[in-house]
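Only one chain is shown below, in structure tokens, and it's the form predicted on its own.
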Amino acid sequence: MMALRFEVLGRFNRARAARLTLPHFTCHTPLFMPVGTQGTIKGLTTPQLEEIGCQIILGNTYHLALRPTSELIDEFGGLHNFMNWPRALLTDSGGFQMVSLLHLADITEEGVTFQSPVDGKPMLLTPEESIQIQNRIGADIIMALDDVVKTTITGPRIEEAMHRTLRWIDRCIAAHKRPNEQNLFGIVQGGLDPVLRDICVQGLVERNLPGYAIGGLAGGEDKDSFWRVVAQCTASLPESKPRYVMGVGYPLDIVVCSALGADMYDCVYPTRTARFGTALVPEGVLKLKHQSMAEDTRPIDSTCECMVCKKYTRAYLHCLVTKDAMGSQLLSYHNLHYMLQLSRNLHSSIIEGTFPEFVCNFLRKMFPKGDVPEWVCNAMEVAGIDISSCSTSTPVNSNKD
């Protein structure tokens, strides 16, 4: 059973723009999902998120289960009601937090055992329990519990994790009690090994899930390996289902992955970098802590339509950043507006048939010297986009990231 509809509205080679109809909201892809760990995007209200065009918020199963607990959220009629968010929600399985946050005790066939951050006692998260918690939270899209391994690790552990992820998906499917209201996505694992990725894609596709995620990336692997895994997975995943690259949030990565046929992204980057005083702009980033901003009367970005760029100067933001909560709020607002506007522009350029031009303009602004990184050039070649015309000068293969 599926509680979603996915209609491709336009395409350019591998890139596609689609309408994704979920129980709580109709979304347009490519789309970026801000991360609201504890049922909140730090510093922003739900009306502000609606105002900037946010379609889906990502909630962390692990954090919500600890506090306020999934039972309490269930009593409130689910996370949508609890946090007063009328649009779509996605929850992760809770598995990643164990790798990123905690001293990992043990991953066995049964599940993930880790130390409780509350009292240090061992806790076991099984595929069944992850799904039960997510059923109570009630998000539109829920993620399967997978065996997560850093991409920088090699050897038999990668293969073991991939096969276990496939075994666990069956346990997740069996435990899922609300398939008519919640969509269970599987996660493709397999590290940087094309053979393992292939086995995992085929195994998940056979299970005919509502959507598929590409997991285990954005963990420090080199960019050339990163885009190749994305290209390989998007090429083998079904045309008629959404494809979600987990943890990807740099604007350049989103443009590249969209050209390669991915649809959904999430990352803490835009809000986290805002708290360090950094704004996202078409040229890359603007560091507002910098002394040169102290008397700058311009907005963050003169081409941006967001409330912050219309009302505040760089000088004012320079006074606030990292010193006052208002600074990180305003920068978070701008940065998320930037990401959501980028998503809308990707969508409309694919629909209007101007996607290659959009990509060229994006790269020209970000790399005015024409030094587009070699990995981007390689990825665009596979995506069928000629970027030789983009650069104002001859492209230099540099390792600018």
Partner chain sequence: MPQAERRERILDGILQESIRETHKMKFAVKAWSKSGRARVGLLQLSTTSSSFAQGGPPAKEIEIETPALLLTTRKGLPAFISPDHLSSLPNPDSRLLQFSPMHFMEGPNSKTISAIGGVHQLLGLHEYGFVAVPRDSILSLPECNSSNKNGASFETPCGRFLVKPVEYMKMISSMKPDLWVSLADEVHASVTTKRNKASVDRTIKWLDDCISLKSTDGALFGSIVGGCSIEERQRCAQEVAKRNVSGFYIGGFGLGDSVDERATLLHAVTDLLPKEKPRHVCGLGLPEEVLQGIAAGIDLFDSTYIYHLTLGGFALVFPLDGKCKHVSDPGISAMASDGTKINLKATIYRKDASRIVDGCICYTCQNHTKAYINHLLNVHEMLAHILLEIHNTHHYLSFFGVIREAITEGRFEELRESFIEKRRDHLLAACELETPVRLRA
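Positions refer to the first chain, counted from 1. Remember, predicted model here, so these are calculated numbers, not experimental data.
What comes next is about the form predicted in complex with the partner chain, which is not displayed.
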{"item": "Output flag, 158, 344 and 373 jointly within 4.5 Å of the partner chain in the predicted complex, heavy atom basis", "value": "no"}
{"item": "Candidate stretches 312 to 320, 131 to 139, 146 to 154, 177 to 185, one within 4.5 Å of the partner chain in the predicted complex by heavy atom", "value": "312 to 320"}
{"item": "The unique member of 307, 124, 205, 196 whose heavy atoms fall within 4.5 Å of the partner chain in the predicted complex", "value": "307"}
{"item": "Listed residue that, although the partner chain is not shown, lies within 4.5 Å of it in the predicted complex (heavy atoms), from 285, 326, 173, 268", "value": "326"}
{"item": "Interface membership of residue 277, the partner chain in the predicted complex, 4.5 Å heavy atom rule", "value": "no"}
{"item": "Residue contact check: residue 42 to the partner chain in the predicted complex, 4.5 Å heavy atom", "value": "yes"}
{"item": "Contact label in the predicted complex: residue 67 to the partner chain, heavy atom within 4.5 Å", "value": "yes"}
{"item": "Any non-hydrogen atom of residue 302 within 4.5 angstroms of the partner chain in the predicted complex", "value": "yes"}
{"item": "In the predicted complex: members of 51 to 82 within 4.5 Å of the partner chain, any heavy atom", "value": "67, 68, 69, 72, 75, 76, 82"}
